[in-house]
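Before any questions on binding or motion, here is one chain by itself as structure tokens, the form predicted alone.
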Amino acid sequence: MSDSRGVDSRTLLKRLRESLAEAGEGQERLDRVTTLIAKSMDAEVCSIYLRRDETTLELCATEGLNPEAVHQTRMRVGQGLVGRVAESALPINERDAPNAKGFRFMPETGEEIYASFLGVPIERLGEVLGVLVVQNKTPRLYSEDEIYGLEVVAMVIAEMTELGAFTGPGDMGLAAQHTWPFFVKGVIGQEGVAEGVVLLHESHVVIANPIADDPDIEDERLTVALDALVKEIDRILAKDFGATNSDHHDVMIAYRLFAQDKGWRRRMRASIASGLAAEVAVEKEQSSARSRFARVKDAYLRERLHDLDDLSNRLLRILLGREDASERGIPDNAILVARNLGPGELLEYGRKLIGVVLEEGSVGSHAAVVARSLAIPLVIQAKKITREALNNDPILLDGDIGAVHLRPEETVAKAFREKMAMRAEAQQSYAALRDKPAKTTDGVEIALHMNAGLMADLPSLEVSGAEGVGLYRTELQFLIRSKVPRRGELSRLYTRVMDAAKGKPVVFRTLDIGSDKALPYMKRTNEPNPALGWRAIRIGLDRPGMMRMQLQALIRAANGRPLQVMFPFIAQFDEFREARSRLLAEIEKERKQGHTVPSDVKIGAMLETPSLAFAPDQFFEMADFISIGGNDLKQFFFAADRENELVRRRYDTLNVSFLTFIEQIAARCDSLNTPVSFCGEDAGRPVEALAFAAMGLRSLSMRPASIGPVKHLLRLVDLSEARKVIDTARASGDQSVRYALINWLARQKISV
């Protein structure tokens, strides 16, 4: 190519469009493309390799190499120069390719006579679909203009691949996008199963005309869209959640600065000048940004990729005149598929969804907490799901094992429906137990409570048969808002919660923020290990104004009724003593001001750190109740981050060390007459619940849907016999008692 890359690119792209418009199957189109590129670039070879699957590239068309090698030559991603382009998503430019590091000789192609090599990724939104290669016999490096021109052409090939322009009978069936079944094993975010259709949070943007007719018109379209983007950001900043000194405000300011960034705009305009449509120019820059950030190790910088993606997606929506998913109609059986979600975004969809699949996320994320509150099955870390899924695709979500089947084969769908039918039958049997106690066959009764965090949870209190709310997460109302809620708002909310409980006890946990629960309007503290840092009660004690406001709201909501308050993440006696005194002081102030105070107050603590189990006796005597926070306690006990998939599954809840620790806590509380319960995901798993009861716990708190299965099992077993099974397993040196309990239940023909 000459130095005037824009003119040459436009000429090549126009020829390419004419070629693609001609009749013919996918193979014919691809063959014409390679011939056209080779001729336009004075290259003796032009080859297109497309991904056959996740790890394999296949030579699908060539001009210059041995034609018999087409659909016969394959290589793994990372193998040879072509494989390295696919792996790195970066161009490779070699003067003497056969002697270059990593060159892989493919004798069937006859490429050993070609010295110079230029390969660029055929890439769309960070996903490498293939590799475009040109070669010449004469040793030389290709110019920057030639590299840029080939990248522009590769972008068009990526768009056409997405559109299915190269599909056809026989071997070219491999190029078909979004047609084959796709399975991904993710991580369990919320148990449950669902069959429905895909609702994409961010719809795929496929540009039918990636090549521009008139660059001047496209440039003007981009200018208008960028102006609209800046105005949209300004409107957001003008709203109340744009208040200064908030992280959200900082993010939106960064959005605005980036939207006005001259380099970003210049690169997109250069792509338009080369002949690309405005939408493809935006996508090209978005793909480049994704590739750059994917190679950055710094977690903070990688997180900025989300900001850049969001900005690009907003710009694409403006260019295309599309609404986002929350503004579109939601099908009755919609399963939301997204890269990630905030709690507010998920609440906007609410109970209209039957399931959620996230490409990212964590078990402790805000979205996961909201999904549990809404009892929506959730699978997280489902890799590539947003790339593969299309709106209205059939999808099966198995939250019990963290699996997702997209466009499933009929045999898979049939087996899945059988599982759903079995679950529905079991749920009916659990409903029959709603008003019966969770009493074992040897007469031990276990109190079962539910966890909640939203008003939407409260109807489950009666339906599930829970004896009360063992944990009401007050932080959710702070997390889903754009600014600090007022005391009156909180008081009215807590009043509605108590009213909905209809006299059943509700334990309100004060703000548990920090770590993975960052408020959008609170300055984030840069900590090397947030889970062990400034969070929960530590923030509450250091920010007395916020704590006082919440305590006053709880006192006024009680309005003469009994009140139960629990402080989170207590690590030592002094923290509890200080928090307790502040609550009692607020009650006394309310009384002096003539306000109605609670008829009875019970003040408890969450035992989430091993240190609190060894607190002085005075702590247990002062606390009206203790709730073992199983999720945090387990990660600190095993020194295994529950957000880290590499380690969190190594440590079993039914490990003998952990169970012995739980037994010691239960025994100490019993000796000091301090009521104790276990709260967390593990409490809702029947075998774990049985083990906790056998260790001496007589109260468990779990998500509402788990109460039926747990009660069902407890009513079938002799707790003293279960204890003997556990003791025998512990004495044998087994690391976990899980298999001993499961085998014992199986011998009694009790299924779990």
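Sequential numbering from 1, following the sequence displayed. Please read these numbers as outputs of a predicted model, since none were measured by experiment.
The protein also exists as the form predicted in complex with phosphoenolpyruvate (PEP); that form is not presented, and the subsequent description refers to it.
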If we take heavy atoms and a 4.5 Å cut-off, which stretch out of 556-564, 144-152, 484-492, 674-682 is in contact with phosphoenolpyruvate (PEP) in the model of the complex? 674-682
Just to confirm, G629 within 4.5 Å of phosphoenolpyruvate (PEP) in the model of the complex by heavy atoms? yes
4.5 Å heavy atom contact, L471 and phosphoenolpyruvate (PEP) in the model of the complex: yes
At 4.5 Å between heavy atoms, is M606 in contact with phosphoenolpyruvate (PEP) in the model of the complex? yes
Hey, in the model of the complex, is R509 touching phosphoenolpyruvate (PEP), heavy atoms inside 4.5 Å? yes
Answer with one of R580, R642, H201, R256: the residue that has a non-hydrogen atom within 4.5 Å of phosphoenolpyruvate (PEP) in the model of the complex. R642
Of E467, E575, E162, E475, which one comes within 4.5 Å of phosphoenolpyruvate (PEP) in the model of the complex, counting heavy atoms only? E475
